[in-house]
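Only one chain is given next, in structure tokens, and it is the form predicted on its own.
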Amino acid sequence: MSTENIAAPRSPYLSHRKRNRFNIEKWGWIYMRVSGVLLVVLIFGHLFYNLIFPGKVSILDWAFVAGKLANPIWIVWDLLLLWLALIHGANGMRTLINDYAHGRFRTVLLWALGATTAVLLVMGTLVLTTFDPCLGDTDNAELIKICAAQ
């Protein structure tokens, strides 16, 4: 048996289309590693600011959240946390669906996952970017101060 007609695995003789194809599995794998590292930092920062920094958990109320979301840095922080965590989780679910579902059922699950992820990203982004703590009545002096400053 002769191997003279078999091209080397990374041979330039492979079709151009095959060599330059976008590899979603490779980029999904890279995304999971990078987003995982970023999520550790974002989550521990979130937990530190909300649970350790105030001194006690009982201080977490509407005024605390309103004061936090009045700062654009925390809006960006929470948006990064939302987007990275939701896409990270959806990518993991995509991998599980690809491993265990087959045929039309797999297609339906992938479409449902994509639609759910898109809806949750849009809704979460709208909540974080359009949040107005000054809507409604409040008796909290700190919140009144924040609303008066606007």
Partner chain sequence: MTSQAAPPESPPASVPEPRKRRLPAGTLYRGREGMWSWVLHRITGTAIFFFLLVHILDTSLIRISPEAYDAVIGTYKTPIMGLGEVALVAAIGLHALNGLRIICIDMFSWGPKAQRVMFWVAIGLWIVLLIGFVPRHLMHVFGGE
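Residue numbers count along the first chain shown, from 1. Model, not experiment: these values are computed from the prediction. C-alpha atoms forming the largest set that superposes within 1.5 Å between two forms make up the rigid core.
This next part talks about the form predicted together with its partner chain, which is not shown.
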**Prompt:** Hey, in the predicted complex, is Ala115 touching its partner chain, heavy atoms inside 4.5 Å?
**Reply:** no
**Prompt:** Even though its partner chain is not shown here, does Trp29 get within 4.5 Å of it in the predicted complex, heavy atoms only?
**Reply:** yes
**Request:** Check whether Arg104 has any heavy atom within 4.5 Å of a heavy atom of its partner chain in the predicted complex, and answer yes or no.
**Result:** no
**Prompt:** Hey, in the predicted complex, is Gly89 touching its partner chain, heavy atoms inside 4.5 Å?
**Reply:** yes
**Request:** Would you check whether its partner chain, in the predicted complex, lies within 4.5 angstroms of a non-hydrogen atom from each of Glu25, Leu80 and Leu110?
**Result:** no
**Request:** Sequence order please: the residues of 60 to 80 with a heavy atom within 4.5 Å of its partner chain in the predicted complex.
**Result:** Leu60, Asp61, Trp62, Val65, Leu69
**After fitting the core, Leu39 CA displacement of 2 Å or more between this form and the one not shown** = no
**Prompt:** Superposing on the rigid core, do we see a C-alpha displacement of 2 Å or more at Leu86 between this form and the one not shown?
**Reply:** no
**Prompt:** Aligning on the rigid core, do we see the C-alpha of Ile30 shift 2 angstroms or more between this form and the one not shown?
**Reply:** no
